[in-house]
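Given as structure tokens, the chain that follows is alone and in the form predicted alone.
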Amino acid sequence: MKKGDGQLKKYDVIVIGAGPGGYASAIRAAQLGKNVAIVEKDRTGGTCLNVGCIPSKALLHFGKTMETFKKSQQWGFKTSSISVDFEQLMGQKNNVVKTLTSGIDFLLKKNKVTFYQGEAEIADDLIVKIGDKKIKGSDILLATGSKPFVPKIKGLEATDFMTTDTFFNMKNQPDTLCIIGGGVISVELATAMAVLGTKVTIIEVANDILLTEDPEARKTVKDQMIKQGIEIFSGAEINEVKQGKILLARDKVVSFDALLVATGRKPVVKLAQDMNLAMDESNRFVKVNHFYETSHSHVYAVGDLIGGYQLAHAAIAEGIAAVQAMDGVKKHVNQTEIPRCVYTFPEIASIGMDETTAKEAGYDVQISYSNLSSNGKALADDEAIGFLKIISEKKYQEILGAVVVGDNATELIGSIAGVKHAEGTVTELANTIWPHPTMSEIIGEGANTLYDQAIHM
């Protein structure tokens, strides 16, 4: 990639941050004929590719492989005891990350995006300083992402602990792992480590884990986690953290070899604050209009910086919409069309509104439901735990939302998302010819329950 020199270079678009929202918007801006620069202070790919969604999914895949080995004993396979070379697994994870980040570097170069390595400073006249280099943009897009939120807990600062940014630096697999936090990232990592043989404990101060998910989906996954041997303390009160143990209320002590604090992430707002950009009502996120422009003309912000779903694909969609707005094509990202995925065993995937939200919005709600226990492919694969729920309205059968729980749920949700985006209805899902035997048949079956025409239910 080209590097800037000491002169003031001018660009149509300057993107700050090379995570998913940043690199995708830079590439799209270049595809629209813009002269584009991107500035990154750390690593191409951001949190998602380096320490987030990609390495965690690699670890989950390793865990899924281990689970398959264990199940094979029940299927008639005779295998000796299985051991895990954790360092080798982490090496394979590193190979995956390196392949993807190198791919992004290639795509930026292919699209003639100029790359600047270093921390950016922005002046009011849209001049960006990176070290001793200065560049000027007609438009600037902030995609600075987020960092782990670490709550104030007595004794925590004096204790060795990991965050989600450092978790994948582990060289050795711990015998026992304690995780403070019961959100999506916490539960995914707990699931992966437990199936690899680590004894995992989750401590959550809220009244349950996965509170962002459908209650039935939450219960299904929680039941499986307990079967995995994961111990869950919800509604917990942490008195103190000490090296190797956590003291809870009522004299409960949780011991650990490794401690992970996974209590959410907070936006990196330094640049926004330096520019005096307006913040939203919570004073946590940068305020933007429907087309992602901030209170400063020609300065846009996307991704974790502006709140909403802290998901890579949400940031990508917002970044693309922002650079299209710079080009005069204004299209807002519909939040109800953003799929949400939880990569547990089984997976959870959802889109749109849940039943309560739909009713509060004034819809006459109806629910279509089907269970994986009647799906031939799920039974053949020994993956029959899960269900599909479609939330729609009675007058036009408009799809308002959906929840899928089961193996490959995160792939299945895409079919529903596509029909929903095309303003299709439950009728279209019901009338689609789904291939047999596949897990996707659950979508057709679920839709047909609305008309009492499901074959296998």
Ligand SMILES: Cc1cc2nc3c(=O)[nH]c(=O)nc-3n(C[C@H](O)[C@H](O)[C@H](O)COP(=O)(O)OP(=O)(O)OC[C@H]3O[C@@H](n4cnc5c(N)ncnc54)[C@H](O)[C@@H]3O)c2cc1C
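Just so it is clear, the model here is predicted, and its values are computed rather than measured. Don't overthink the numbering: it's just position in the shown sequence, from 1.
Just so you know, the form predicted in complex with this ligand exists too; it's not on screen, but the next bit is about it.
Although the partner is absent here, Phe387 sits far enough away that none of its heavy atoms falls within 4.5 Å of this ligand in the predicted bound form.
At the 4.5 Å threshold, heavy atoms of Gly401 stay clear of this ligand in the predicted bound form, well away from it. This ligand is not drawn, but in the predicted bound form it has no heavy atom within 4.5 Å of Ser370. Contact between Ala190 and this ligand in the predicted bound form is not found at the 4.5 Å heavy atom cutoff. With the partner left out here, this ligand still marks one of 171-179, 85-93, 116-124, 151-159 in the predicted bound form; by a 4.5 Å heavy atom cut-off that stretch is 116-124. When you look in the predicted bound form, the only residue of Ala378, Leu271, Ala321, Ile232 with a non-hydrogen atom within 4.5 Å of this ligand is Leu271. Though this ligand is absent from this view, in the predicted bound form it lies within 4.5 Å of a heavy atom of just one residue from Val195, Ala358, Ala312, Met225, which is Ala312. Taking a 4.5 Å heavy atom cutoff to this ligand in the predicted bound form, the contacting residues in 16-43 are Ile16, Gly17, Ala18, Gly19, Pro20, Gly21, Gly22, Val39, Glu40, Lys41, Asp42, Arg43.
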